[in-house]
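Just the one chain here, the form predicted on its own, laid out as structure tokens.
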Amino acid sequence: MLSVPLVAQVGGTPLETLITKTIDGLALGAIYALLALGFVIIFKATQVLTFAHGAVSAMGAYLVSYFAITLNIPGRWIPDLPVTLQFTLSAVIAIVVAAGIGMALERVFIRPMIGEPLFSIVMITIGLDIVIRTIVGDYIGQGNTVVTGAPWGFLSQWKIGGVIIQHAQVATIIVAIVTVAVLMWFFKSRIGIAMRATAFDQEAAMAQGISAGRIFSLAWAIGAALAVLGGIFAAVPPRALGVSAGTAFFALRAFPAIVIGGLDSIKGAVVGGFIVGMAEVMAGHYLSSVTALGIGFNTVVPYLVMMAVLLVRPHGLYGTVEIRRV
């Protein structure tokens, strides 16, 4: 995925630079939080570690490009539709389609493996990742980038003194906050309580009349939708020029956030996402002049933070501590 250098441009005093980079870190952290939330919800409900998350994210971002740019839906039926609204509606369609695909993947490939060794299920998700990523890559083309459009304008930004705030950054943070709020409401609803009960004790939940199969399907649908939502913001300017083969690998950069927060913690996914985003952006700016660290050291920092957290809290900041008798 091609990065856009304009994101890193700052100016003004050191304080203004710090504020600019903080906003950039929060925006990147919001993307990681969305991606991590999808992973955690699937794991929390089904106890399945899915490595197909990145491929699903790239697929969803490509679908947005396909609907918004190639098919011009719904703009072809509604003339003079504002660009932002056109993009938003196309994104909603892509998210719904991806959620349906997520449900189909769970029903066809994951549900028949219930009760089988965890290693076998993990290998299936790796196979799904390779298949989906290959199909999406074939549509995009090797080395190509499919544009998603610039719903907030390619250079749209606010400049307050030396502080630069991209419109896309604000949109990313707002969407992440709204998404977390919706999820909090959802888990207090009847279906959400059923999902939490299934995650806590599957057999007890089934004894109460809860369909574990439907819960698993719903978890994969929500996970796929969140993966696509994160992939969309990772593929639009100024974060990137569009969808490429690297978009799937970008989603895997959220993995340290998942481990830092705890594999089964919704709260941890959000906190971990913002920690990783801030660490990556700050390291990229303030350590870029240290040539001994090499180019791209900022992408290594999240893993260093992850290892530091695991040394102190092996289950992550908010993960469930398991005690086993030996």
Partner chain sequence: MSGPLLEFENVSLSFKGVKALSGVSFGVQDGELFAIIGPNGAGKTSAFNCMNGVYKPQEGDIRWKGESILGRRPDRIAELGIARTFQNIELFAHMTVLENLLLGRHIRTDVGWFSGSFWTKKARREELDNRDKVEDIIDLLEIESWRQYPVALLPYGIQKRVELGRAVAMEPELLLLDEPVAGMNLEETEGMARFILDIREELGISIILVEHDMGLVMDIADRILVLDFGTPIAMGVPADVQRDPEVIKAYLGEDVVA
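Numbering follows the first chain given and starts at 1. Note that the structure is a prediction, hence the values are computed from the model and not measured.
Beyond the structure shown, there is the form predicted together with the partner chain, which is absent from this document and is the topic of what follows.
- Listed residues Met113, Ile193, Val175, Leu89 were compared with the partner chain in the model of the complex; Ile193 is the one with a heavy atom within 4.5 Å.
- With the partner removed from view, the residue among Trp77, Trp158, Phe200, Phe119 that has a non-hydrogen atom within 4.5 Å of the partner chain in the model of the complex turns out to be Phe200.
- The candidate spot formed by Trp185, Ala204 and Ala207 lies fully in contact with the partner chain in the model of the complex, as each residue has a heavy atom within 4.5 Å of it.
- The partner chain in the model of the complex is not approached by Asn72, whose heavy atoms all lie more than 4.5 angstroms from it.
- The partner chain in the model of the complex is not approached by His167, whose heavy atoms all lie more than 4.5 angstroms from it.
- Using a 4.5 angstroms limit between non-hydrogen atoms, Ser211 touches the partner chain in the model of the complex.
- Figure note: of the listed segments 136-144, 97-105, 211-219, 158-166, the one touching the partner chain in the model of the complex, with heavy atoms no more than 4.5 Å away, is 211-219.
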